[in-house]
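We begin with a single chain expressed as structure tokens, specifically the form predicted on its own.
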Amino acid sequence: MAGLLKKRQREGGEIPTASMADIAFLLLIFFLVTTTIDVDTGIGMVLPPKLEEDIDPPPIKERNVLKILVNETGLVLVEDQPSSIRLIRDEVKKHVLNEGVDPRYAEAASKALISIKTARETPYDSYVGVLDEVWMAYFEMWDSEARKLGFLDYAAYVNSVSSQDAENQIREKIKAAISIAEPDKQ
């Protein structure tokens, strides 16, 4: 009887894998087609129209220009005085909103110009930090003007203006005039 009850070796079960490569390939194609890749677009700036060669640029009084220089080491100079990036926002607001009171700052908001000069070797984070502070100064000034007009903030004012197809009077009153250039050669 011992010979009759031989134990049979069972073969292990197999999973057919012939089509697995096809499925993996189809999944790979699906993910390649549906994946979006973010592309760095840089800093969005609207450039003014190019002046014709026979036209000189408009004259600007020295007092209406706030000069900000960021050198090769990332040192920030505001009107040739060392400063920090954190102080630029307040300096820009003082300059633009001066209304002719202090002779060191602009005569009027409509005439104020912020000049940012950088060298080619300027650290990118210093340049972006300075530019951000200048723009934040303008956004704070626009927000303050919108609140004076009875809006919750500048965004609410913009929504109201765009829904009525009206002109943005706040941006006409306080224009963001920013000049970006390399330092003068000496």
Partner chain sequence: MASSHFKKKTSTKQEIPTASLPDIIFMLLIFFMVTTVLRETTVQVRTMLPQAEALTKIDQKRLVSYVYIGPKKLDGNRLGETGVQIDDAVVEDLGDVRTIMYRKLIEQPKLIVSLKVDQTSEMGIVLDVQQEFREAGTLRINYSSKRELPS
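Residue numbers count along the first chain shown, from 1. In this text, rigid core is short for the largest set of C-alphas that superpose within 1.5 Å between two forms. These figures come from a predicted structure and were not determined experimentally.
Keep in mind that the form predicted together with the partner chain is missing from the display, and what follows is about it.
Relative to the partner chain in the model of the complex, residues Pro59, Val101 and Lys173 are all farther than 4.5 Å at every heavy atom.
Note that among 61 to 69, 143 to 151, 117 to 125, 157 to 165, the stretch whose heavy atoms approach the partner chain to within 4.5 Å in the model of the complex is 117 to 125. By the criterion of a heavy atom within 4.5 Å, Ala24 is counted among the residues contacting the partner chain in the model of the complex. Proximity of Ile15 to the partner chain in the model of the complex: non-hydrogen atoms within 4.5 Å are absent; the residue sits far from the partner. At least one heavy atom of Asp40 is located within 4.5 Å of the partner chain in the model of the complex.
Ile55 falls outside the set of residues with a heavy atom inside 4.5 Å of the partner chain in the model of the complex. The Cα shift for Glu62 between the shown form and the other one, taken after rigid core superposition, is smaller than 2 angstroms. With the core held fixed, Asp22 shows a CA shift of 2 Å or greater between the shown form and the other one.
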